[in-house]
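A lone chain, given as structure tokens: the form predicted alone.
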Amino acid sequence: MSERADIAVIGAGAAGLMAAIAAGRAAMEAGARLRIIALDGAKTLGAKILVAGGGRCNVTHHHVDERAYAGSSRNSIRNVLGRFDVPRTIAFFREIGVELKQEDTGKLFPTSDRARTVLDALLGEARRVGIELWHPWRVVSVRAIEGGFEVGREDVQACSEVRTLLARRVILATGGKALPKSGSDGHGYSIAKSLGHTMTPRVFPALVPLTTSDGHFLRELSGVSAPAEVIVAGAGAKPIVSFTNSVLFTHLGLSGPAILDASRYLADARHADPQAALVLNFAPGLSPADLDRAIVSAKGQSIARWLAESLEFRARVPGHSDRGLPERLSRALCDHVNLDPSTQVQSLTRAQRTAIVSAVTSLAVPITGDRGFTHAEVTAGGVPLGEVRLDSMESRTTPGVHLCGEVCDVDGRIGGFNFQWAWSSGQVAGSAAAKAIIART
């Protein structure tokens, strides 16, 4: 059994819902009657939205530009972001009943501090503008036919007996491979390739926790967090990129915002140079010489206590106190360089000072890998933006198909940047798809 639609949106996550809403709004504004159907394989929609930001949903960031992203060219990313920027995003969510608040980190959350507020508002607006939400309705194929596309579903029990949907236009918003239990299992890439698109040579986890070697002393600090500069270093210890934020020590390795931001760059660097390394600097903003001089001038405390109480570098990291290192970390660093944590600072030899300064400012951590797509927040790689028209997100290989969200080769930093890409690219794709149909009727 088949049915017909004007637009089929494949995937009803953040990008897909925005695309469907944008298409529905464009149709309403033009006084056109378009049948727009959003299809998703999940029984419950919005899994990624609900878990984002610790269940609060970090909707966007107060300042977003192309420098926060990797993948396709930054000029292309800037082009799309500029068509639906942060002020427009804030206004959109206000229109659908979601007020946002800015935190010290620059992240914007709903004032309710509940991701459910965001999801319910998106679903409510989709219904208001006439979007039909079909789920579970897992799409397995999209085939170009005369006058449009044939969209086929998986041959299992679904929300309707419809097995194929004939659509005049298709919006591919299937996501990538991150958090596969949400339905993002990478099948969207196969659909894109069947429609003539290529993929980046590599598709890999981004914003993902890292693993360290068994027995590494940092594993024993599981649950401890500290602000640090995380540096990805290439040949000759030359810095490639760095991020300063919290680092969380886990029973398997490292996590926290700074680690997640650095993870994709480390993976990318290691693909070209297996010797690329991850270095932690627990005194961001201080040079080794500055730290050494501070230790020389200190008196009356053990080195571990001084590291825990006297350093002033934490004030340089937003959201953290001006105290020193967590005591467990300061003692562990001392042990790591074979320095008795109870040694008085004024008794340290030059060699001991050099060793502890090096451990604090340039600790190389042996990274064995990452925790994979199951624990990744986003996917690096996908369909290059060079294969879509940036003013409409329409495919250059198969006109009538639009792409948006994580299926594209765009991945951003932690802090709402990936959601902003979803809102921006989805809005561009959805409005363009509807306007193209309206212009021909």
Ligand SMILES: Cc1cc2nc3c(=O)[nH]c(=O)nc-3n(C[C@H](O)[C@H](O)[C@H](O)COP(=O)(O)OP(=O)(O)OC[C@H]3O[C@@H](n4cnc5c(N)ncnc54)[C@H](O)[C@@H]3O)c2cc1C
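Keep in mind that this is a model prediction, so the values were computed, not measured. Throughout, we count residues from 1 along the sequence that is shown.
There is another form of this protein, the form predicted in complex with the ligand, and it is not shown here; the text below is about that form.
Per the 4.5 Å heavy atom criterion, the ligand in the predicted bound form is contacted by stretch 183-191, the sole one of 240-248, 350-358, 97-105, 183-191. Using a 4.5 Å cut-off to the ligand in the predicted bound form, not one of G24, A26 and Q427 places a heavy atom inside that distance. Although the partner is absent here, G53 sits close enough that one of its heavy atoms falls within 4.5 Å of the ligand in the predicted bound form. Interface residue remark: A433 is not counted as part of the site for the ligand in the predicted bound form, having no heavy atom within 4.5 Å. The ligand is not drawn, but in the predicted bound form it has no heavy atom within 4.5 Å of M393. Within this chain, V139 lines the site of the ligand in the predicted bound form, having a heavy atom no more than 4.5 Å away. A single residue from the set V401, V378, V64, V388 has any heavy atom within 4.5 angstroms of the ligand in the predicted bound form; that residue is V378. Contacts to the ligand in the predicted bound form (heavy atom within 4.5 Å) from stretch 1-34: I10, G11, A12, G13, A14, A15, G16.
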